[in-house]
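Shown below, as structure tokens, is a lone chain in the form predicted on its own; questions about how it binds or moves come after it.
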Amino acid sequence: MPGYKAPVEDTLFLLNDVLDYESCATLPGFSEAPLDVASQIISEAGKFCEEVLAPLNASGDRAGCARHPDSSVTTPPGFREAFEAYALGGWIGLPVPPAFGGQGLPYVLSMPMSEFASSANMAFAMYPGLTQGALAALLRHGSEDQKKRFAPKMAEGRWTGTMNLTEPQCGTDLGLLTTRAAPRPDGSYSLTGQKIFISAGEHDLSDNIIHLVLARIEGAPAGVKGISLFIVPKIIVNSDGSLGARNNVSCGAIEEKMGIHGNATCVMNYDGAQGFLIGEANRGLNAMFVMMNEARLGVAVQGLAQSEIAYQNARTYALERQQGRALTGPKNPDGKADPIIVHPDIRRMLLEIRAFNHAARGLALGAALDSDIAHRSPDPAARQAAEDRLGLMTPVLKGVLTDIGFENTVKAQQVLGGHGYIREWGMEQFVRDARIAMIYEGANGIQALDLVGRKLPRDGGRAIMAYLKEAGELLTTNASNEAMKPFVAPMQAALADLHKATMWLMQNALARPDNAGAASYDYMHLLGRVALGVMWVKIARAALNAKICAPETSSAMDARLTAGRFFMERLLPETAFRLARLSAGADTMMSLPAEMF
């Protein structure tokens, strides 16, 4: 039976020592959550996930969700009680404004719960996670009446939320969607169509489900310019907030899938269901992108989360499992064999995962902090800089953290050898669950295209130029510190690779778009590797300072520094081969006729 311990200490170190959480103390919401309060919140989040969610992970995977003849769906045993406790704890509404039933606390404080819950029970965590995303879109684009009618009960967890985009004939290319919306005399709309792959589409965890649905109003322009967004409640909500009749939306089937069995991934049928337009007609993608961007950060954290729990269990196994002898002589002379942690290749796999987890957690928390600054800061320049960083890094975090997160679950499975392939040890579930994160909320190849095709050239390349400048200044500031040289010198080479890759795209992509497409995936991972390295420079600087200011933490800081040096020596050099690959261009890739594949 796998175990889980929330990385509370590392999260607090990153927030306080690395990201300087208290520098945001004057922003709205932060004054109610100084560092001591934030510490209590994060500690309680960890405790809840360890004690309530983790024990339901394996059993939920085995039991799955069940659809009944009346189209209702039941979740695995224990999920309903756990969700009630989650909602009563105020976790869903933590960042929601008090006027709409939330606590108004910083978004960055909801990020640790997102990670811990996704490690402890990824399938469960999707129910509240999707609700928070739907709330974000509703609060940004809904009318005052819509916000008052739906948001408070969603923030309380009495109602949940979903996003409905995909149809059988269209996934990423939403211009092909055919779900139609016909105006009704009362100002609402009648929605007809089918959506697939809808996570948490039907379940027994809440009294109502508020679906956010993309559809095309009759007579709307073709393509993405004719898409609108609608609120379609499972049960109609009366003007006084009470529940009325059942709406004409139902679960046609539960998808039979590789992992996340505890989450009800549904085929949803809309048969003249009553819906309410959010925002302007034909501007639905603008509103939905609020939820999609939130969801992409959430999915990025899923990659980290599965990497973390896989690492913890692989580490435990490596310390206990005895097999063979160390190459330098027995380390357990009283036993018949040494624990496998003595073998260099086991250490390689564990350190690759650990070095990623530390820096990836810092990137996720940093992105959440940027979101808070972008939405709460009174300084226009600070808001703009945070928005630029967030826009640039969202596709990178989604693509890179989920790609590497999946690879890490496979490495952790390898550490366990044959036991990793057996269900009772839990590793095969982590592999299966992690795999979906590379696909949904925009497959990672699409994230790479979004990065290269939209985010890099936006505003004349302002975001990437600012990022390169900030990274360069960070290295210059730390270059004279002898203890930082193992971190600064490799990063200077990696940053030079990123400069060259960016210039190559500027020179070769405009005239030949296939060059951009062929380079996009490698560029995304090159930038991602640099971003992880930049975070390691910040972590190393903070760890060295902590050793001076708090000598009692030296052992923990030395462990961090060792993982950081390993990253610089073994993982960061990937930037060179990514640069070589993308610089090869698209000629060979695009030359083979389609019929020859």
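Residues carry their position along the shown sequence, with the first being 1. Just so you know, these numbers come straight off a predicted model, no measurement behind them.
Missing here is the form predicted in complex with another copy of the chain; even so, the following discussion is about that form.
Contact with another copy of the chain in the model of the complex, defined as a heavy atom within 4.5 Å, is made by none of Glu22, His141 and Asp145.
The stretch among 297-305, 460-468, 231-239, 408-416 whose residues place heavy atoms within 4.5 Å of another copy of the chain in the model of the complex is 408-416. Using a 4.5 angstroms limit between non-hydrogen atoms, Gly89 is distant from another copy of the chain in the model of the complex. Arg570 belongs to the set of residues with a heavy atom inside 4.5 Å of another copy of the chain in the model of the complex. Using a 4.5 angstroms threshold between heavy atoms, Asn444 counts as touching another copy of the chain in the model of the complex. Residue contact with another copy of the chain in the model of the complex: Glu255 places a heavy atom within 4.5 Å of it. With the partner removed from view, the residue among Glu84, Glu428, Asp204, Glu156 that has a non-hydrogen atom within 4.5 Å of another copy of the chain in the model of the complex turns out to be Glu428. None of Lys500, Arg315, Arg283, Arg376 but one reaches within 4.5 angstroms of another copy of the chain in the model of the complex through a heavy atom, and that residue is Arg315. Contact annotation for 431-451: residues with any non-hydrogen atom within 4.5 angstroms of another copy of the chain in the model of the complex are Val431, Arg432, Asp433, Arg435, Ile436, Met438, Ile439, Ala443, Asn444, Gly445, listed in sequence order.
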